[in-house]
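Below sits a lone chain in C-alpha coordinates, taken as the form predicted on its own.
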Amino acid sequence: MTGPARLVRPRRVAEVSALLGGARPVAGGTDLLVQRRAGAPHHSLVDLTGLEDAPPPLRVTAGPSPSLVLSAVAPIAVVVDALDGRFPALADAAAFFASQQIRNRATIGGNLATGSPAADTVPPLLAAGAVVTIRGADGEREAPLEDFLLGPRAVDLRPAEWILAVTVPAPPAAGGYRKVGGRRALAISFLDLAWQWRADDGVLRDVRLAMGSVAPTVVRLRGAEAELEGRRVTPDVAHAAIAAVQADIHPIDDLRASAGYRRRCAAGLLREALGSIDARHPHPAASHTHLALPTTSTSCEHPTCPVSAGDIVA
(Lines give C-alpha, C1' and ligand atoms only; values in the text may rest on other atoms or scores of the structure.)
Protein backbone atom coordinates (compact mmCIF):
# COMPACT_ATOMS: atom_id res chain seq x y z
CA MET A 1 0.00 0.00 0.00
CA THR A 2 1.17 3.53 -0.73
CA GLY A 3 1.90 5.99 2.10
CA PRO A 4 -0.54 8.44 3.69
CA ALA A 5 -2.36 10.72 1.29
CA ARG A 6 -2.88 14.46 1.65
CA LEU A 7 -6.60 15.31 1.77
CA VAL A 8 -7.99 18.69 0.68
CA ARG A 9 -11.66 19.56 1.23
CA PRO A 10 -12.83 22.52 -0.90
CA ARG A 11 -16.07 24.33 -0.07
CA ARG A 12 -17.02 25.66 -3.50
CA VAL A 13 -17.37 23.99 -6.91
CA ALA A 14 -15.19 26.69 -8.48
CA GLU A 15 -12.27 25.72 -6.22
CA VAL A 16 -12.05 22.06 -7.21
CA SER A 17 -10.31 22.07 -10.59
CA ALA A 18 -7.48 24.28 -9.36
CA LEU A 19 -6.73 21.64 -6.72
CA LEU A 20 -6.71 18.68 -9.10
CA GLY A 21 -3.26 19.19 -10.59
CA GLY A 22 -1.65 15.89 -9.61
CA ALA A 23 -4.50 15.09 -7.20
CA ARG A 24 -7.41 12.70 -7.45
CA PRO A 25 -11.05 13.70 -6.82
CA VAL A 26 -12.88 11.47 -4.36
CA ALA A 27 -16.50 11.46 -3.20
CA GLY A 28 -17.76 8.15 -1.83
CA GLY A 29 -14.27 6.67 -1.88
CA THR A 30 -15.61 3.10 -1.87
CA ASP A 31 -12.84 1.84 -4.19
CA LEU A 32 -10.06 3.90 -2.65
CA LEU A 33 -8.66 1.31 -0.24
CA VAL A 34 -8.71 -1.42 -2.89
CA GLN A 35 -6.84 0.82 -5.33
CA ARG A 36 -4.28 1.87 -2.73
CA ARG A 37 -3.64 -1.75 -1.77
CA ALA A 38 -3.02 -2.41 -5.46
CA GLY A 39 -0.36 0.31 -5.45
CA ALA A 40 -2.26 3.21 -7.01
CA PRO A 41 -0.30 6.41 -6.25
CA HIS A 42 -2.97 8.43 -4.44
CA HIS A 43 -0.63 10.97 -2.85
CA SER A 44 -3.18 13.79 -2.84
CA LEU A 45 -6.99 13.60 -2.69
CA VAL A 46 -9.63 16.27 -3.22
CA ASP A 47 -12.77 15.49 -1.22
CA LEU A 48 -15.96 16.51 -3.08
CA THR A 49 -18.38 15.74 -0.26
CA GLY A 50 -18.20 19.14 1.44
CA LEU A 51 -19.14 21.34 -1.51
CA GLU A 52 -21.65 23.88 -0.27
CA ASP A 53 -22.86 24.69 -3.79
CA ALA A 54 -22.90 21.12 -5.12
CA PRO A 55 -25.92 20.17 -7.27
CA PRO A 56 -28.90 18.87 -5.29
CA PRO A 57 -29.44 15.11 -5.49
CA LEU A 58 -32.17 15.69 -8.09
CA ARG A 59 -33.37 18.63 -10.12
CA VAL A 60 -36.34 18.23 -12.46
CA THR A 61 -36.43 20.61 -15.41
CA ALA A 62 -39.81 21.45 -16.93
CA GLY A 63 -40.80 22.59 -20.41
CA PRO A 64 -41.38 20.74 -23.68
CA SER A 65 -38.38 18.46 -23.05
CA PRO A 66 -38.33 17.70 -19.32
CA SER A 67 -35.25 16.08 -17.88
CA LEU A 68 -33.82 14.75 -14.64
CA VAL A 69 -30.53 16.27 -13.47
CA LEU A 70 -28.80 13.85 -11.08
CA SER A 71 -25.98 14.89 -8.79
CA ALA A 72 -22.77 13.02 -9.52
CA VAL A 73 -21.39 13.67 -6.02
CA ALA A 74 -24.40 12.77 -3.85
CA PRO A 75 -24.70 9.19 -2.54
CA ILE A 76 -26.55 6.84 -4.89
CA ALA A 77 -29.07 5.98 -2.17
CA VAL A 78 -29.93 9.67 -1.74
CA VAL A 79 -30.33 10.20 -5.50
CA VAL A 80 -32.62 7.18 -5.89
CA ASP A 81 -34.76 8.27 -2.95
CA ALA A 82 -35.14 11.71 -4.53
CA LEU A 83 -36.23 10.15 -7.84
CA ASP A 84 -39.28 8.67 -6.09
CA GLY A 85 -40.06 6.23 -8.91
CA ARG A 86 -39.28 8.60 -11.82
CA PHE A 87 -36.47 6.41 -13.20
CA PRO A 88 -37.39 2.76 -12.55
CA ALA A 89 -34.43 1.22 -14.39
CA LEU A 90 -31.92 3.15 -12.26
CA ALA A 91 -33.82 2.28 -9.09
CA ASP A 92 -33.70 -1.40 -10.06
CA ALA A 93 -29.95 -1.19 -10.71
CA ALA A 94 -29.35 0.58 -7.40
CA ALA A 95 -31.25 -2.13 -5.54
CA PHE A 96 -28.48 -4.58 -6.45
CA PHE A 97 -25.56 -2.17 -6.37
CA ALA A 98 -23.26 -3.58 -3.69
CA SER A 99 -24.69 -3.19 -0.16
CA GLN A 100 -26.82 -0.54 1.52
CA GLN A 101 -23.76 0.77 3.33
CA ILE A 102 -21.90 1.25 0.04
CA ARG A 103 -24.95 2.81 -1.64
CA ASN A 104 -24.97 5.32 1.22
CA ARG A 105 -21.44 6.38 0.21
CA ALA A 106 -20.88 5.56 -3.46
CA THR A 107 -21.78 8.12 -6.12
CA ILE A 108 -22.92 8.02 -9.73
CA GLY A 109 -19.90 10.12 -10.65
CA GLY A 110 -17.55 7.59 -9.13
CA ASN A 111 -19.30 4.68 -10.83
CA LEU A 112 -18.97 6.41 -14.21
CA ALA A 113 -15.39 7.57 -13.70
CA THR A 114 -14.10 4.04 -13.13
CA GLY A 115 -14.89 3.24 -16.76
CA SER A 116 -15.82 -0.33 -15.89
CA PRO A 117 -17.95 -2.21 -18.45
CA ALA A 118 -19.54 -3.93 -15.43
CA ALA A 119 -20.59 -0.73 -13.60
CA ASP A 120 -24.19 -1.23 -12.47
CA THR A 121 -25.53 2.31 -12.93
CA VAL A 122 -24.21 2.71 -16.47
CA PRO A 123 -26.68 0.53 -18.46
CA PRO A 124 -29.81 2.39 -17.27
CA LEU A 125 -28.11 5.76 -17.78
CA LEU A 126 -26.91 4.79 -21.25
CA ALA A 127 -30.33 3.44 -22.24
CA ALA A 128 -31.86 6.74 -21.09
CA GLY A 129 -29.56 8.82 -23.30
CA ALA A 130 -27.72 10.41 -20.39
CA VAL A 131 -25.43 13.40 -20.82
CA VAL A 132 -22.48 13.91 -18.46
CA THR A 133 -21.72 17.41 -17.14
CA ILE A 134 -17.97 17.75 -16.67
CA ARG A 135 -16.33 20.54 -14.68
CA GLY A 136 -12.81 21.76 -15.43
CA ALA A 137 -10.54 24.76 -15.11
CA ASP A 138 -12.24 26.41 -18.10
CA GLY A 139 -15.77 25.84 -16.83
CA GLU A 140 -18.29 23.16 -17.74
CA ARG A 141 -18.74 20.99 -20.80
CA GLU A 142 -21.18 18.22 -21.67
CA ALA A 143 -20.58 14.83 -23.23
CA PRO A 144 -23.13 12.17 -24.19
CA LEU A 145 -22.48 9.18 -21.96
CA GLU A 146 -21.98 6.97 -25.01
CA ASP A 147 -19.04 9.19 -26.07
CA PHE A 148 -17.75 9.61 -22.52
CA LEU A 149 -17.07 5.86 -22.21
CA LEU A 150 -13.86 5.19 -24.14
CA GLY A 151 -12.88 1.67 -23.07
CA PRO A 152 -12.03 -0.46 -20.04
CA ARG A 153 -11.00 1.95 -17.26
CA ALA A 154 -10.91 4.79 -19.81
CA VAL A 155 -13.29 7.76 -19.91
CA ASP A 156 -13.29 11.23 -21.45
CA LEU A 157 -11.93 13.11 -18.45
CA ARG A 158 -9.09 15.54 -19.15
CA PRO A 159 -6.57 16.74 -16.56
CA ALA A 160 -8.19 18.65 -13.67
CA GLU A 161 -11.71 17.58 -14.76
CA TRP A 162 -14.35 15.86 -12.65
CA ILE A 163 -18.01 14.83 -13.04
CA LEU A 164 -20.50 17.30 -11.63
CA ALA A 165 -23.89 15.94 -12.75
CA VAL A 166 -25.68 13.60 -15.14
CA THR A 167 -28.77 14.67 -17.09
CA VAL A 168 -31.29 12.23 -18.54
CA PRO A 169 -34.41 12.97 -20.57
CA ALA A 170 -37.39 12.11 -18.38
CA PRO A 171 -37.63 8.33 -18.94
CA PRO A 172 -40.95 6.63 -19.68
CA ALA A 173 -42.81 4.70 -16.99
CA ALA A 174 -41.80 1.34 -18.44
CA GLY A 175 -38.23 0.33 -17.75
CA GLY A 176 -36.17 -2.09 -15.78
CA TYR A 177 -32.85 -3.76 -15.10
CA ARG A 178 -31.64 -7.32 -14.82
CA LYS A 179 -28.27 -8.46 -13.51
CA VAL A 180 -26.59 -11.85 -13.75
CA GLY A 181 -24.14 -12.43 -10.92
CA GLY A 182 -22.63 -15.12 -8.75
CA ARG A 183 -24.89 -14.13 -5.85
CA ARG A 184 -27.67 -11.68 -5.07
CA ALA A 185 -25.53 -8.77 -3.88
CA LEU A 186 -21.92 -7.66 -3.49
CA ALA A 187 -20.99 -9.33 -6.78
CA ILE A 188 -19.63 -7.90 -10.02
CA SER A 189 -21.96 -8.52 -12.94
CA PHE A 190 -21.31 -11.37 -15.34
CA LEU A 191 -23.55 -9.22 -17.54
CA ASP A 192 -26.54 -6.92 -17.06
CA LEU A 193 -29.32 -5.39 -19.14
CA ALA A 194 -31.30 -2.16 -18.81
CA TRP A 195 -34.25 -1.19 -20.95
CA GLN A 196 -36.88 1.45 -21.39
CA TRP A 197 -39.78 1.74 -23.84
CA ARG A 198 -43.39 2.79 -24.22
CA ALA A 199 -45.96 0.07 -24.83
CA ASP A 200 -48.93 1.61 -26.67
CA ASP A 201 -51.62 -1.07 -26.98
CA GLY A 202 -48.87 -3.66 -27.03
CA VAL A 203 -46.75 -1.84 -29.64
CA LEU A 204 -43.28 -0.85 -28.44
CA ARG A 205 -42.08 2.70 -29.05
CA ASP A 206 -38.85 4.52 -28.16
CA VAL A 207 -37.11 1.23 -27.45
CA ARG A 208 -33.72 1.63 -25.81
CA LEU A 209 -31.58 -1.26 -24.56
CA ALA A 210 -28.11 -1.22 -22.98
CA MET A 211 -25.99 -4.15 -21.80
CA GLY A 212 -22.86 -4.33 -19.67
CA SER A 213 -19.92 -6.75 -19.44
CA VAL A 214 -20.27 -7.82 -23.07
CA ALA A 215 -17.88 -5.34 -24.76
CA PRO A 216 -15.05 -2.94 -23.83
CA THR A 217 -17.73 -0.51 -22.62
CA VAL A 218 -21.41 -0.77 -21.81
CA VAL A 219 -23.15 -0.81 -25.21
CA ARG A 220 -26.50 0.04 -26.75
CA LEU A 221 -28.19 -2.96 -28.39
CA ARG A 222 -29.12 -1.06 -31.53
CA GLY A 223 -29.84 -4.10 -33.67
CA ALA A 224 -32.25 -5.50 -31.10
CA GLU A 225 -33.82 -2.06 -30.66
CA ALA A 226 -34.51 -1.86 -34.41
CA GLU A 227 -36.18 -5.29 -34.39
CA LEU A 228 -38.54 -4.22 -31.58
CA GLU A 229 -39.32 -0.61 -32.50
CA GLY A 230 -42.91 -0.12 -33.62
CA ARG A 231 -43.84 -3.78 -33.26
CA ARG A 232 -45.87 -6.04 -31.03
CA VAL A 233 -43.79 -8.64 -29.24
CA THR A 234 -44.81 -11.82 -30.99
CA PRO A 235 -42.64 -14.95 -30.73
CA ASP A 236 -41.15 -14.17 -34.17
CA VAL A 237 -40.34 -10.56 -33.19
CA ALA A 238 -38.80 -11.69 -29.90
CA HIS A 239 -36.69 -14.30 -31.72
CA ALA A 240 -35.44 -11.70 -34.22
CA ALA A 241 -34.52 -9.27 -31.41
CA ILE A 242 -32.74 -11.95 -29.43
CA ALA A 243 -30.80 -13.01 -32.53
CA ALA A 244 -29.83 -9.36 -33.16
CA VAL A 245 -28.30 -9.13 -29.69
CA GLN A 246 -25.57 -11.51 -30.79
CA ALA A 247 -24.33 -8.98 -33.37
CA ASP A 248 -24.56 -6.10 -30.86
CA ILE A 249 -22.23 -7.63 -28.26
CA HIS A 250 -18.59 -8.69 -28.24
CA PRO A 251 -17.97 -10.58 -24.99
CA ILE A 252 -14.65 -12.10 -23.97
CA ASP A 253 -13.59 -14.96 -21.73
CA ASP A 254 -12.45 -13.77 -18.31
CA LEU A 255 -12.28 -14.96 -14.71
CA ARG A 256 -16.01 -14.44 -14.16
CA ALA A 257 -17.53 -16.03 -17.26
CA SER A 258 -16.81 -17.26 -20.76
CA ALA A 259 -17.85 -15.42 -23.90
CA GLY A 260 -20.19 -18.25 -24.84
CA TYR A 261 -21.85 -18.20 -21.44
CA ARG A 262 -22.40 -14.45 -21.71
CA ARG A 263 -23.94 -14.81 -25.17
CA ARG A 264 -26.42 -17.37 -23.90
CA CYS A 265 -27.30 -15.31 -20.86
CA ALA A 266 -27.67 -12.16 -22.99
CA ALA A 267 -30.36 -13.93 -24.99
CA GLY A 268 -32.07 -15.07 -21.80
CA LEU A 269 -32.07 -11.63 -20.20
CA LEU A 270 -33.71 -9.98 -23.19
CA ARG A 271 -36.29 -12.75 -23.39
CA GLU A 272 -37.06 -12.23 -19.70
CA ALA A 273 -37.42 -8.46 -20.17
CA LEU A 274 -39.75 -8.92 -23.15
CA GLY A 275 -41.79 -11.44 -21.19
CA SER A 276 -42.42 -8.82 -18.51
CA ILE A 277 -44.41 -6.55 -20.84
CA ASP A 278 -47.90 -6.03 -19.46
CA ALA A 279 -49.91 -2.93 -20.24
CA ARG A 280 -51.54 -3.10 -16.80
CA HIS A 281 -48.18 -3.25 -15.00
CA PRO A 282 -45.64 -1.30 -17.07
CA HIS A 283 -42.86 -1.55 -14.50
CA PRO A 284 -42.08 -5.09 -13.30
CA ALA A 285 -40.51 -5.49 -9.90
CA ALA A 286 -36.72 -5.43 -9.72
CA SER A 287 -35.13 -8.78 -10.29
CA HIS A 288 -31.67 -10.22 -9.92
CA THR A 289 -30.83 -13.51 -11.59
CA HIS A 290 -28.51 -15.67 -9.50
CA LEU A 291 -26.44 -17.92 -11.73
CA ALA A 292 -23.76 -20.41 -10.83
CA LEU A 293 -20.73 -19.91 -13.05
CA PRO A 294 -19.91 -23.08 -15.01
CA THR A 295 -16.24 -23.94 -14.98
CA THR A 296 -15.93 -26.02 -18.14
CA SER A 297 -19.20 -25.60 -20.01
CA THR A 298 -20.58 -22.52 -21.75
CA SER A 299 -24.20 -23.57 -21.18
CA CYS A 300 -26.13 -22.75 -18.05
CA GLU A 301 -27.55 -25.58 -15.94
CA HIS A 302 -28.63 -23.49 -12.95
CA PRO A 303 -32.40 -23.82 -12.24
CA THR A 304 -32.93 -20.06 -11.94
CA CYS A 305 -31.06 -19.15 -15.12
CA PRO A 306 -33.29 -17.34 -17.65
CA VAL A 307 -31.65 -19.27 -20.47
CA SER A 308 -33.24 -22.47 -21.77
CA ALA A 309 -32.30 -24.58 -24.77
CA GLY A 310 -34.86 -22.71 -26.85
CA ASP A 311 -33.32 -19.36 -25.90
CA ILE A 312 -29.82 -20.12 -27.09
CA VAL A 313 -28.91 -18.36 -30.32
CA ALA A 314 -25.75 -19.63 -31.97
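In case it trips you up, residue 1 is the first one in the sequence shown, and so on. Quick caveat: nothing in here was measured; it's all calculated off a predicted structure.
Omitted here: the form predicted together with a small molecule. The next part is about that form.
**Q** If contact means a heavy atom within 4.5 Å, which one of 84 to 92, 154 to 162, 218 to 226, 232 to 240 is the stretch that engages the small molecule in the predicted bound form?
**A** Checking each option against the 4.5 Å cut-off leaves 154 to 162.
**Q** Residue-level question: is residue 26 within 4.5 Å of the small molecule in the predicted bound form, judged on heavy atoms?
**A** Output for residue 26 is yes: heavy atoms within 4.5 Å of the small molecule.
**Q** Does residue 248 reach the small molecule in the predicted bound form if we count a contact as any heavy atom within 4.5 Å?
**A** No, residue 248 sits far enough from the small molecule in the predicted bound form that none of its heavy atoms falls within 4.5 Å.
**Q** Classify residue 48 as contacting or not contacting the small molecule in the predicted bound form by the rule of any non-hydrogen atom within 4.5 angstroms, answering yes or no.
**A** Taking the distances in the predicted bound form, the answer for residue 48 is yes, it comes within 4.5 Å of the small molecule.
**Q** Answer yes if any heavy atom of residue 31 is within 4.5 Å of a heavy atom of the small molecule in the predicted bound form; otherwise answer no.
**A** The answer is yes: residue 31 has a heavy atom within 4.5 Å of the small molecule.
**Q** Tell me, out of 175, 181, 110, 212, which residue has a non-hydrogen atom within 4.5 angstroms of the small molecule in the predicted bound form.
**A** The residue from 175, 181, 110, 212 that makes the contact is 110.
**Q** Please pick, from 170, 150, 137, 186, the one residue with any non-hydrogen atom lying within 4.5 angstroms of the small molecule in the predicted bound form.
**A** Residue within 4.5 Å of the partner: 186.
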